[in-house]
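Take a look at this single chain, the form predicted alone, given in structure tokens.
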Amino acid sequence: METIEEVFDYIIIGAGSAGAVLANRLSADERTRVLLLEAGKPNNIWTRIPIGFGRLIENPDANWCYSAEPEENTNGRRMPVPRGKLLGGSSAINGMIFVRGQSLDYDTWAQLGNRGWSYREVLPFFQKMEQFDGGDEEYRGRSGPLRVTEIPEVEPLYQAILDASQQAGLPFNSDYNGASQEGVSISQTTISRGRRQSTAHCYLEPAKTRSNLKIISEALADCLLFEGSRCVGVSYSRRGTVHKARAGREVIVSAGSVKSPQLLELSGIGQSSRLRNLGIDVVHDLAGVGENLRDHYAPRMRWRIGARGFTYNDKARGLGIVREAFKFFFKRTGLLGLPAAPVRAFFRTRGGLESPDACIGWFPLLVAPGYRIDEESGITTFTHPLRSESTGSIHIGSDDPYVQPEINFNFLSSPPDAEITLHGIRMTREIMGMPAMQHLQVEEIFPNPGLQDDDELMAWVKQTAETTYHPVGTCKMGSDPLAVVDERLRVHGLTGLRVADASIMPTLSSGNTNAPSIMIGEKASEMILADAA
């Protein structure tokens, strides 16, 4: 069954970290009609409670629950690839860590030919989007819609990690999103008063009553519509009915690094031979669609803490979980208010580097299978290169939009990624063995202290490491043969179509990718409005 077309000025596909921003900013002019399509549901009971990310990480009602193809450097494992399936996208299910990245990241984008994307040029958009009480006003925003906060309680365990990191030679950094990222820090988060600050909450809630903004959830985009080389709308399915919507000005694809290339390929945009083999009519041959996939590949180390009362394995055991619930209810702190890693360090793995190239994160408990609190007391750490150079791809294997695309990360194919990962493991061990940690009675559980040889450690990494859920780059920005969009995020060779989400990132940012994705939404909004003026 098919319905009659509706006409809008702008159609945004995907209500995630960037798409929600676009919907808010583009609909601010009441004369402009905006349609926002989201394939997922409007909300989930767990999304506003910070620790709820553990309940969402494998929940198909809130998460696409993708998996990667088996590959050599994952020992043939099909690794989970969680992606948000709610209003707010992955900002509604992520670990809520706020990391802008380094100035080097954005200056590199500009040096690759993307004018307007240097650090000094994107900084105003980072400031525009955030409301943060700390740091230097030269770098930080004070009145944006996204509330950014620091962990409210520096617990004894966190202080021990901070002290041990400094004993290992890392400086304390009070604001890694300021002038310099280097050092060990208490994490900044998208949590305020114990509530997750997703883009659904911060950008869509204030805008959803606007008469010129139509938000449709549970609406899966099937394909883009074209007249010649101009994108004029979208066909989407909702509850068994096919709908068509027409865009008078532009269609903006903000479906994320997995679904944006999938939608382009389903619409006939991509590698022509690949599309023809699937029976898809080629609208535009564009070799880079789905290429340049990058993510952070991180081994998780587990540490036993013999001293009692320091980890949440102890604090939440038995009736302790009731105490934690009351603590959250009255103070908005404790276990239920936790982000994914309350302490993190950014450091250089060798001399001569301009800036940090690796990071470590600490989570103050051990998690058992099924994301349950482990009976044993301890800490989980992860480490990974900040700017992984290994690249893979995401391509459709079917013309059915309900079939997940094939995700091939090609992890560790770039030798420096392996070298930096090994250095990160050794740096973690060094910090955990410092005098400041001794009163905690720390003992390495996983891998185990006996694994010291590079080859042994790398075999363990390949057997156990996971992504950190930061896929980017599959519709990359640039002017080279594999670029999909130009510096104004317009799809090369077509009109009326842009992509604006993490898929446009030419390289990984140095850390979590939610903050840069929101920035991309802010900058895209300004460019779209400027081009329409």
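When you see a residue number, it is the position in the sequence shown, counting from 1. Quantities reported herein were computed from a predicted structural model and do not represent experimental measurements.
Just so you know, the form predicted in complex with a small molecule exists too; it's not on screen, but the next bit is about it.
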query	finding
Selected contact from Met96, Ala245, Ile379, Ala358, since only one has a non-hydrogen atom within 4.5 angstroms of the small molecule in the predicted bound form	Met96
Location of the small molecule contact in the predicted bound form, chosen stretch of 164-172, 113-121, 76-84, 284-292 [non-hydrogen atom, 4.5 Å]	76-84
In the predicted bound form, Gly424 touching the small molecule (heavy atom, 4.5 Å)	no
The small molecule contact at Ile57 in the predicted bound form, heavy atom, 4.5 Å	yes
Exercise: Ile11 in contact with the small molecule in the predicted bound form, heavy atom 4.5 Å	no
4.5 Å heavy atom contact, Leu225 to the small molecule in the predicted bound form	no
